[in-house]
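One chain is shown next in structure tokens, namely the form predicted alone.
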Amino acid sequence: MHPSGHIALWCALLLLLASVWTVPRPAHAQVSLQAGPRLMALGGGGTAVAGDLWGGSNPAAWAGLASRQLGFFAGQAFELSELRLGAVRVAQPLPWLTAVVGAQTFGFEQFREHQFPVGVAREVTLGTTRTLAVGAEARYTHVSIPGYGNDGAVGLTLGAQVQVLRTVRAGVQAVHLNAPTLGGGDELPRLLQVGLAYQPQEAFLLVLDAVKDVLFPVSYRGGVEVQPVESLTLRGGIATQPTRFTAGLGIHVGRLTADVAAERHDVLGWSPAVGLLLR
């Protein structure tokens, strides 16, 4: 390996172990529903995973999308009907960048949260083998609580991914950099998430992430994805703070992919989710 490759890899590893951000999280962020079905099954990590429509761990992931994609996603935290989430998202690659828009709803009649993300991502070549992807997302969040009123705010998220080595990709995202607030000054989640993705071959992927927020210690998240046959992908993962185990699978038929994911909390139980992706 070239000396510059060693230096880049060690820098990425040091970044992964850093914990230098603060963030309060809403109730549904205690599980990995926001990550989308694929990354949810990988422990909620995936900051360095390219080409994921949901971009739950990094808006820079959109730069790796090769074609137009339409996705639907639904989940339920801890098997409670009051904690249901539904989302739709579409991505359109353009000559110079990839554009993404979506909508999401969470909660029930006594607490309802709507989110509307809009983002762009672009990938550039560094030298002859490395690539750098950057992404930005503006997300409008609106919360309504009967008897207490409603309020909304726009949050800005930035992310980047770099091909450190042929088999190693590093990623970082900073969520709600502008520190948006709701109501009487309650901040929306602000966090720093960093990660590595190791993919020695197309049919195997290993991810490792670290997430830091203001209310909890550093959360480590990791997962493995294998593709035993072309039409089937199997996934599993684990996350800390609190400890959670995840699993899932994807079934691919032509341009259609159906994903199933589940997360198990030791005390609160299961959080199932399903997704449908059309390329």
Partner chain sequence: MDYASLIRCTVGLAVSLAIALGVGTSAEAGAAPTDTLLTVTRAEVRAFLFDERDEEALPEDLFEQLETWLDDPLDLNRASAHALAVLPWLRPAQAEAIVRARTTDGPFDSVAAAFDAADIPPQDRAYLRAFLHVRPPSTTGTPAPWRVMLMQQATRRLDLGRGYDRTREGTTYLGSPVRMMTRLQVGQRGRWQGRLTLNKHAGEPFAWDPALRFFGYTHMAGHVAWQPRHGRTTIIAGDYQVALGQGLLLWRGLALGKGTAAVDGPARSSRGLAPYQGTDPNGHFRGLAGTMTVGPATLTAFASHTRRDAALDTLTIANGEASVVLSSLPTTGRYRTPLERERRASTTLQTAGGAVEMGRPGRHVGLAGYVARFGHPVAASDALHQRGAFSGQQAHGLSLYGHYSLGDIAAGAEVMRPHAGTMGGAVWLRTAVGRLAEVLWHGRVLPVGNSLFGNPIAEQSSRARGERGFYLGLHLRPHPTWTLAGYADVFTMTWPRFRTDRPSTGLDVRARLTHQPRSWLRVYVQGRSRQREQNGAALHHDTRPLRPISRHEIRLHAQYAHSPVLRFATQVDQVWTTRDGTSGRGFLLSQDVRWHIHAALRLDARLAFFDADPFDARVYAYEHDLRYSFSVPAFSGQGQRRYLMATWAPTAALDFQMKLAETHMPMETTMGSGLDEVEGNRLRDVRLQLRWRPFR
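Numbering follows the first chain given and starts at 1. None of the values given here were measured: they were computed from a predicted structure.
We do not show the form predicted in complex with the partner chain, though everything after this point is about it.
S.K.: Using heavy atoms and a 4.5 Å limit, would one call residue 83 a contact residue for the partner chain in the predicted bound form?
M.R.: No.
S.K.: Find out whether any non-hydrogen atom of residue 114 is located within 4.5 angstroms of the partner chain in the predicted bound form, and reply yes or no.
M.R.: No, residue 114 is distant from the partner.
S.K.: State yes or no: in the predicted bound form, is some non-hydrogen atom of residue 127 no more than 4.5 angstroms from a non-hydrogen atom of the partner chain?
M.R.: Contact with the partner chain, yes.
S.K.: Flag residue 51 as yes or no: does it have a non-hydrogen atom within 4.5 angstroms of any non-hydrogen atom of the partner chain in the predicted bound form?
M.R.: Flag for residue 51 set to no.
S.K.: Residues in which of 105-113, 73-81, 90-98, 197-205 have heavy atoms within 4.5 Å of the partner chain in the predicted bound form?
M.R.: Contact-bearing stretch, as computed: 90-98.
S.K.: Using a 4.5 Å cut-off on heavy atoms, what residues in 187-215 are near the partner chain in the predicted bound form?
M.R.: If the 4.5 Å heavy-atom criterion is applied to the partner chain in the predicted bound form, 187-215 yields 187, 190, 191, 192, 194, 210, 212, 213, 214, 215.
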